[in-house]
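Single chain ahead, by itself, as structure tokens, in the form predicted alone.
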Amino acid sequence: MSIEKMPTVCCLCHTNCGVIAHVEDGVLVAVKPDKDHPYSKGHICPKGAAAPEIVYHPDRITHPLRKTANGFVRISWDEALDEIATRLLEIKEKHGAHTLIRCGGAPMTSAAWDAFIQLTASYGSMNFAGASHLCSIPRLVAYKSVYGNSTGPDYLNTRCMIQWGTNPTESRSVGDSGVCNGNVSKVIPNAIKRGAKLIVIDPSRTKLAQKAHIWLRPIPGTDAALALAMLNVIISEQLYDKDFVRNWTVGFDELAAHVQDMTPEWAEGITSVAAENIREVARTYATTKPGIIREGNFVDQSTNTVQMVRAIGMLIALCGNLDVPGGEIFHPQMKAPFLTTRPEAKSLSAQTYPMFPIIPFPCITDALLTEKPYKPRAMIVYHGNPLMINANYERNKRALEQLDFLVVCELFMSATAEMADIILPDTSEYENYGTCIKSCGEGSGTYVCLQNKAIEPVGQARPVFEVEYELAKRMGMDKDYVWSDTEGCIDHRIRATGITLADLKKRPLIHIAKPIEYKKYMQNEFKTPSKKVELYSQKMKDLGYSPLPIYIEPHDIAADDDYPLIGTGRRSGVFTHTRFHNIPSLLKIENEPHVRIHPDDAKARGIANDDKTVISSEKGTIEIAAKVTDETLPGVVVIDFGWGNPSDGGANMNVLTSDDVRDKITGSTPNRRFRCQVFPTP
């Protein structure tokens, strides 16, 4: 029988590359790159190519499961849905609607954004939590405070690229902020060939750092001092765009006075980066126009995230790189509220973190263990693994044990799913419809792309929106729904575009906005209280935060005799966060986690390459193989993140990390900086 070739998108990371699903007799046999897709242009990564292995893996969860004293047992969908509905209604009656938490993971699909959101709101709770305090949302909060929204990089026209705490060619996420820049493996190399300069700011010598014209290696957790020193150079040497500053900023004089003493020499003593190198980077970025600055998760996962990224936003604005070709561009965004009903209740963290739109998960952990401001009772987890993602694994485990009821919807048994009362089998991205919305960096505007349903669900897996609606019916909340299945939900989600799922089935990629226009602030102004770029934020001052970006010294700045090394993390692009460490083809690339340790530190401890080691911190201990390399700085060890699910047997880095100290604005925890010690295994 002939093979049907179906265009769709890969949803195993945020890049959402265009791919072709090859289906034979209803079976997904291969996934190939789509050379005609405007976003990825023929790119596919190992995990995208491994889709058939993921779909048909023997360990996949394919039936609803209930936890018993003797382990999990298979139950029917009716039993699962009836039990969930009954338990949730009992909890609402006894403890109140606000005690339900919806927890999500990285929103790589429309389902990951929206699943169980309406159910939670109809129930009466606005407690939406996840890993957002560790990924992108802290940066969004920072940029909104400076110029009202986030931006996307225009790699195709830039002449200077700063990659700050990010490694996009490895993580395959060059298309930041939903912006299409072409084949993600070639965008930066192609820009270099055109003559663009590459600056990498990263303590590790990544493959990207090896290609850089300039590479800075700050000590983890000190990036804010580096950014402030760059502002010092650009302002003191008058390298900023004077017309833009005069017409479109507020607080320039305050900022100039604020950074006057934050010289490169001051920053050198904090970051270990030589003062002359700081000056070189500042001057290069300010004078090589247009330019972009792309920051990554490394800066999210610190205790000074927002203030650090505010400084980056100010660098972008002061140098005239805001909403210009080759700079950071404001792309059109679809505005359509998903919820049809919204309870009056505030979220659990609304008072503690008023600028953060989602509950930082550490607030959930606090509430479960202290019962303040109240104790959450039930949690629905979709596309997430909060037990492993969050800092301080043991504390989070104790917290989740306090829940009265936990439901997890998953493909494979995760560390969080192991704790669930009910596990629901999720469909893969090839077993249901979905959409993604992107903006094309080549100037052709925003488009909606179809995530096609290529095959029927494996086993008894069900699309999540159909599961949600069935639960809503059982709980008497279906009146709040304008959809009853996946297709209806998609139409509801994209209604603001003026197109429907039926349109996408005929034409899987449809442009919905005109080509990119630049300097839109000339007509629309900035979406800030002053309508200008706010170098000084009165709103932040009113909320009790510093109105100017500041450097906050890491709490563990002093070396500890017991834990003299600084630990940080590495997220491999081979896997998806904590997922797919059980897939054979991916394990051929990276078969176990490692700790990267500098030769000087390894020699002092009697550790050789591939030796098993013990890493300890004040929070816990793990065993992991060593990779002795000068990729990392002396005194800094880099530990692979994402391992530790039941199926992979690897060490979980977050056994070592702490949630004791957090970013005051977002609750971000220092997952990328913690004190530790490494020993050879006895």
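The shown structure was predicted, so the numbers you read here are calculated from the model rather than taken from an experiment. One rule holds for the numbers: they count along the sequence shown, beginning at 1.
The same protein also exists as the form predicted together with a small molecule; that form is not shown, yet it is the one meant from here on.
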Option from 602 to 610, 100 to 108, 272 to 280, 541 to 549 whose residues, in the model of the complex, bring a heavy atom within 4.5 Å of the small molecule: 100 to 108
One residue of D366, E410, D241, D323 in contact with the small molecule, assessed in the model of the complex (non-hydrogen atom, 4.5 angstroms): E410
In the model of the complex, the residue from P362, P138, P376, P203 that sits within 4.5 Å of the small molecule by heavy atoms: P203
Within 4.5 Å of the small molecule in the model of the complex, all of A131, G165 and S414 (non-hydrogen atom): yes
Any non-hydrogen atom of E170 within 4.5 angstroms of the small molecule in the model of the complex: yes
Contact of G313 with the small molecule in the model of the complex (heavy atom, 4.5 Å): no
Residue contact check: H37 to the small molecule in the model of the complex, 4.5 Å heavy atom: no
Contact test in the model of the complex: E328 vs the small molecule, heavy atoms, 4.5 Å: no
